[in-house]
Each structure stands twice: as structure tokens, then as C-alpha cells.
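Below sits a lone chain in C-alpha cells, taken as the form predicted alone.
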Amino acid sequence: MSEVVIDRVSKSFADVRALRGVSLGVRDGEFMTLLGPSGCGKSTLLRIVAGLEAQTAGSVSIGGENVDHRVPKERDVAMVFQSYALYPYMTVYENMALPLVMRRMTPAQRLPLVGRFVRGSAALRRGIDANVREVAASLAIETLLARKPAQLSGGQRQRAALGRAMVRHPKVFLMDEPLSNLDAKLRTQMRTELADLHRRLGATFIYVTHDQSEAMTMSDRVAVMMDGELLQVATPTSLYNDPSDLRVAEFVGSPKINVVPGVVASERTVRALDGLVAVAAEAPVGTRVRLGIRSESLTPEGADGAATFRGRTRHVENLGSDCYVHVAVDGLDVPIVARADGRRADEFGIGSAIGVACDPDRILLFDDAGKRIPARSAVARLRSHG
């Protein structure tokens, strides 16, 4: 079993609190991503699990055993860094073989010339060779084994770093922004390859990134962190559709969720800007709220159409299949962004009057502190009372 349990872990650097009582359980064989902006504590937490940093408080268990007082090599984890951390003077083969050589062979057996004649070394080297070539074949880098890191592309270096981690068959793979140095096309390709690798190995992965695309496309579950705190742990689908905190809703999703201030006007309506939105908030009349509305829940209707909000077109992003219409609305500091079919892009002239219709069933409500408020659309509520 290779489950990881992080129990109330805190970390301080002098007067700076990097982690604030973080608790997280990672299941055996799960792909868990720690997602958050730079400086939120996610890499610090990963280094604590690896044993590269000592926590100020709390505990870490791997496979049901407390590892707080174990050095990194005794924790049976493998870490893949953003910088790949390959030895530049070694070939890919030597980089991949090194962890096995250090673990399996005695100092005498590791000697460059004399070591070959030490009893048992030949059999050990054959076993290491078989392991390295098997992993290299699985990563499609068997033809690169004789090259040095400087002779490899970014993607090839990343595979070599993964191979060095895989040969040990660790309990847990720890990955700290391993794709951030790659170009956009290669990052997309490597996301697919990492997800496939996880399925093949069935190992526990803990992956750190600030890129929501990586988190949403590869993970079984995502842990969103900000300011040293763990805000929410859920599947990618749940994070997007059912965020428990406004900060999560704003961080997950592109374009960023629209946030509109409002006040509960009645049992079935919320007043937002100059209009009423048919949504039933489970909060007293007069409660200040914030409406979170995804761009796909807003439809540009033209100046004369039925609309929840009205304004003027500030910008149109034509992405081919879709277009995003930025609408400047009185009372808001930033434009509302609505999604439309890309074939309609030419309909929206810059500066022209425009209305935006909202799907009330997909509105998310948050209180002044940013915590989620249960809500139902008034239309759905009327139907339920039939």
C-alpha cells in the first residue's frame, strides 16, 4: 500500500507561515495534484513529504508508517523536479542506472575498474541493465541511452528524469512542476503521456502545478491551496461545477468566472446591478451575496433580446469554435465575459449595445466571506412545488 496521509502539517520560515495546518489523504494509486498560485505552499508541502524539508508541526505517513524521522532515501519516494536534475556529465543510461547502483551495490562493487572483479557485481550489473532498458523502452527513450542531457530536447530530458525515478519502483512519485520548462505543444503531449504512465504503473502520484489545465486533465482529485491553506479537495469536475469557496471558483476555469455583487431581494430572487435574477438563495432577505457565473452560462443576445445584464461590447476573442464577448456593464469594474458560437463573432461590433442572458440554473452564490451559499433557480423551485 502506498497511501500518503498528511496530518495538520505546518511550516514556518522565520516569521513567514508557509503552511497552516494542512491535512490531506492521498489514496493508494491515486493521481493527486496540488494546485495553486506561486507562493501558496504547494512545493513546500511536497518537499516535506519527500523529506527534503522538516515540518514545524504535524506528521506525514506513507503506506501506514510514520516517516517524520526518516531521511529521504528511507521514505521510498521518487521526486521529479522542474529542472530535471540530470547529471550533465553522465549519459541517460548512467543517470537512470545511478539510483540502482547506489542502492544495490557496495562501495567496492561501484569502483570503476576494480569493482567489476568484486564477487557478485557482474550479476548485479546485469540486473540493473535489464531494469534500465525495460523502463527506457516503456518511455520510448531506448535509442537515447548513450546521449548526455545536453544532447536531448526538453521532452526527452523529462522522459529521462521520469525513467530515473521509475527504475526504483518507489511507493510514491512526487513531481514538482515537471512540465513548466516545456513549450505549449510539448506540455500538452506530456500531459497525455504522464496520465498514460500513471494508468500503466498504478502508482501513487502527487503532482504540483500552478497550471489548472494540467490539474484538470490528469488528476483523479485536485487539492487547491492558497496562502498556505488547503481550500478544497475534489475531482476536477466537482471543483469546476461545485466550488466551496469563491477563491477556488476564480482560480479554476478559463476564462475566469464572472463575479457580480448582489443582494437577496426575496425568497426567489437576487437583485444584481439594476435587475432581478431568478435564483432562490438559502439566505435571509437583504443578505449581501456575490454571483459566480461561468462564461458558458451567459449568452449574448443582441441589444433588443431578453437579457439579464446590458452593456456595450468592449472586446471579442474569436477562437474559431467559440468566441468570448467581453461586455462592459455599468457598476462593474471588469467586463462580463460571455461565450458564443464562433460563427457569431462578426455579430458583435466593438462599442455596440448588447444584452447578455443568464442561465439561472448554473449560478453559484457566495457570501461576503467568499463561502458558498446553497441556491436553486426560482424556475426549478416553482416546478418542484408543481
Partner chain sequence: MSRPGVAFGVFRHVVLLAGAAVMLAPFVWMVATSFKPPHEIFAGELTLLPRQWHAVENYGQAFTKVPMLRYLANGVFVTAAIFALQILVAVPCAYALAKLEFRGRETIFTLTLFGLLIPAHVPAIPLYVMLWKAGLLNTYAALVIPFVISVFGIFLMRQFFKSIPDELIHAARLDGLSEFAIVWRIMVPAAMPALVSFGIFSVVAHWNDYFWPLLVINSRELAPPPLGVAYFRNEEAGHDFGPLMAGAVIVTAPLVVAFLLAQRRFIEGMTMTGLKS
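Residue numbers count along the first chain shown, from 1. Because the structure is predicted, anything quoted here is derived from the model rather than measured.
Below, we refer to the form predicted together with the partner chain, which is not included among the displayed structures.
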**Q.** Partner-proximal stretch of 332-340, 354-362, 48-56, 316-324 relative to the partner chain in the predicted complex, 4.5 angstroms, heavy atom
**A.** 48-56
(Q) Please tell me which of Ala283, Val118, Ala85, Ala195 lies within 4.5 Å of the partner chain in the predicted complex, judged by heavy atoms. (A) Ala85
Q: Quick one: from Ala122, Leu201, Leu98, Val263, grab the residue that has a heavy atom within 4.5 Å of the partner chain in the predicted complex.
A: Leu98
Q: Decide whether Ile206 counts as a contact residue for the partner chain in the predicted complex under a heavy atom distance cut-off of 4.5 Å.
A: no
Q) Hey, in the predicted complex, does Met102 get a heavy atom within 4.5 angstroms of the partner chain? A) yes
Q. So in the predicted complex, does any heavy atom of Leu186 sit within 4.5 Å of the partner chain?
A. no
Q: Classify Pro72 as contacting or not contacting the partner chain in the predicted complex by the rule of any non-hydrogen atom within 4.5 angstroms, answering yes or no.
A: yes
Q: Counting only non-hydrogen atoms and a 4.5 Å cut-off, give the residues of 136-165 close to the partner chain in the predicted complex.
A: Arg164
